[in-house]
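In structure tokens, one chain follows: the form predicted alone.
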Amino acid sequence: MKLLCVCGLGQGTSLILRMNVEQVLSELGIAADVEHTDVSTASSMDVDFIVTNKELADSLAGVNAKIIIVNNYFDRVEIKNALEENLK
């Protein structure tokens, strides 16, 4: 399973999201490859899931990956709830 964490520029914020997603996945006992990038690059990448906010999700309409919405990239509880709901 491949997950991609996306922010506008693909640097700081998406890296923080990636680190939090990796920690939550570890707590859930789910193995996955997690990468991070910017919204423009994300549309051309072959992944199973994209984790991003609602605003950027609208820019990714038409991608094959399932999009998981997280509003606060720093809130691991929100991230955990979103991942549990979408990775079932």
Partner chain sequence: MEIIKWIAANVFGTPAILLGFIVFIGLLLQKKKTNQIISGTFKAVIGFLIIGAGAGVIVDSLTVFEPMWKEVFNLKSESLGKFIGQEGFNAKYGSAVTLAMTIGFLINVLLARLTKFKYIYLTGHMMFWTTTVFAGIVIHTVGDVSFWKLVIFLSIIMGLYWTLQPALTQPFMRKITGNDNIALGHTSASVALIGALAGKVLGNKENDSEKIKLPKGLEFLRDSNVITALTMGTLFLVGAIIVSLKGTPGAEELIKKAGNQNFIIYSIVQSFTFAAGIAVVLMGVRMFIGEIVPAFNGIATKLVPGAKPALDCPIVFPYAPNAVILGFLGAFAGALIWLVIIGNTVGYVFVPTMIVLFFHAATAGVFGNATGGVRGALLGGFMTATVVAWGQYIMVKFLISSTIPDTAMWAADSDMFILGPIIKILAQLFF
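Residue numbers count along the first chain shown, from 1. Keep in mind the model is a prediction, meaning the values are calculated, not measured.
Only in words, not in the display: the form predicted together with the partner chain, which the text now covers.
Interface membership of S26, defined by any non-hydrogen atom within 4.5 Å of the partner chain in the model of the complex, is ruled out. When the partner chain is considered in the model of the complex, L9 lines it closely, a heavy atom lying within 4.5 Å. Contact annotation: T52 falls outside 4.5 Å of the partner chain in the model of the complex, judged by heavy atom distances. Remark: V63 does not count among the residues lining the partner chain in the model of the complex, judged by a heavy atom distance of 4.5 Å or less.
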